[in-house]
Ligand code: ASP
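Here you get one chain, nothing else, as structure tokens; it is the form predicted alone.
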């Protein structure tokens, strides 16, 4: 029987109503008491790293999770992290960059309803996560939710209340989990290098969503405060330059001052392709900018946080940003 470590961080799954709304109050050991049948599946130990609403997650807290995995990596066959849903996609992407060459399963899960409530998805999600964690050949970082396993860099929360809260963006589901039956659609790649843990993160990244009428000088302010900027543009990606709201000059100021800019799209599916339209091509040809292609916003943001902790040189950042990690990007 395999040995799995449950790393609890709080979230809805561990929440109770304290009179001012739901807030995490259930410990990691208490979580297990709601699924006694897990003893027939695997041996489970628990630790409590955090007990917070995931809205309160900070980049530095990801390093606490990394430390917990690192300290226990050789002792267990896999890991399950219980987490709030609101920032789960950021955490699953961030851990994909902070823990690389993983040859064991690291599963992140949570729920839309607390585990203590009569009607809840928490028990299923937790049991499914342990089932997937003990499945032979599973390696890497995944979100398991509502019977689906999703590659950690491809998860996005698409529903705020429904049990089917997460989708896999621009990539197949890794597996479906139906009680004891697991149907896998992707194969975990063989790990050739030794596992690597990173202990630094650079949180100075700003995500800007363009809307018609936005004044370009917003980029001046952002450039004073942040080293990396991800711009959620329209369609396949472009920068407005018509009439008085010309963003291109401001974009040039950012890049000439050494800021790292990534152009992404507000459209959830199919990604960016800035070479299609003039609005994209002008930015690509004239300035040192990157584009997110088929990456999720969560992956693009957390990948920049990981990269900028190591280098702020554009060419070095570009090389790392376009290097595939945990299936986060499909370009060659």
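This one's a predicted model, so the numbers in the text were calculated from it and none came from an experiment. Numbering follows the first chain given and starts at 1.
What follows is about the form predicted together with aspartic acid, which we do not show.
*Asks:* Please identify, from 206 to 214, 193 to 201, 242 to 250, 83 to 91, the stretch that has a heavy atom within 4.5 Å of aspartic acid in the predicted bound form.
*Replies:* After filtering at 4.5 Å, what remains is 83 to 91.
*Asks:* Exactly one residue in 168, 100, 186, 112 has a non-hydrogen atom within 4.5 Å of aspartic acid in the predicted bound form; which is it?
*Replies:* Exactly one residue meets the criterion: 112.
*Asks:* Give a yes or no for residue 288: in the predicted bound form, does one of its heavy atoms lie within 4.5 Å of a heavy atom belonging to aspartic acid?
*Replies:* The answer is no: residue 288 has no heavy atom within 4.5 Å of aspartic acid.
*Asks:* Within a 4.5 Å heavy atom cut-off, is residue 53 in contact with aspartic acid in the predicted bound form?
*Replies:* Residue 53: yes, in contact with aspartic acid in the predicted bound form.
*Asks:* Select from 8 to 45 the residues with a non-hydrogen atom within 4.5 Å of aspartic acid in the predicted bound form and write them out in sequence order.
*Replies:* Going through 8 to 45 in order - heavy atoms within 4.5 Å of aspartic acid in the predicted bound form - the hits are 11, 12.
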